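Coming up is one lone chain in structure tokens, specifically the form predicted alone.
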């Protein structure tokens, strides 16, 4: 879909290699896994836990112009949902072409019902989606 996917963690490149080699959930992962062992990038994104010297699980969608479109931060023991991440990514692609629209929480793909934000819509989203 035209995205560049990069994972970065405070783990070393050797830990990443072990994860890719041994974790079956990552068997088909083909994108780069970067190491931020000093936490510089994690601090820049506001996900570095100074006490633990680790990064929280941050997921960021950034457009080609460098604008942050979505940010999600989870604690260490909460996994991320690729289906929800893909929903957000697809919604952002859709909204690039339809800037006056809004994708509600259950929107999944082009063709699903969108909303046109207005004062009349406030408190009436449920009805508008019926």
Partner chain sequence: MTEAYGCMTCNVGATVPNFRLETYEPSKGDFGEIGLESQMASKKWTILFFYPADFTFV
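Remember, it's a predicted structure, so these values are computed and weren't measured experimentally. Numbering follows the first chain given and starts at 1. C-alpha atoms forming the largest set that superposes within 1.5 Å between two forms make up the rigid core.
From this point on, the text means the form predicted in complex with the partner chain, which you will not see here.
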query: is_contact(residue 55, the partner chain) in the predicted complex, heavy atom dist at most 4.5 Å; finding: yes
query: Residue 125, heavy atom within 4.5 angstroms of the partner chain in the predicted complex; finding: no
query: is_contact(residue 114, the partner chain) in the predicted complex, heavy atom dist at most 4.5 Å; finding: no
query: Residue contact check: residue 13 to the partner chain in the predicted complex, 4.5 Å heavy atom; finding: yes
query: Contacts with the partner chain in the predicted complex, stretch 61-90 (heavy atom within 4.5 Å); finding: 61, 62, 63, 64, 65, 66, 67, 68, 69, 70, 71, 73, 76, 80, 82, 85, 89
query: Core-superposed C-alpha of residue 112 shifting 2 Å or more between the shown form and the other one; finding: no
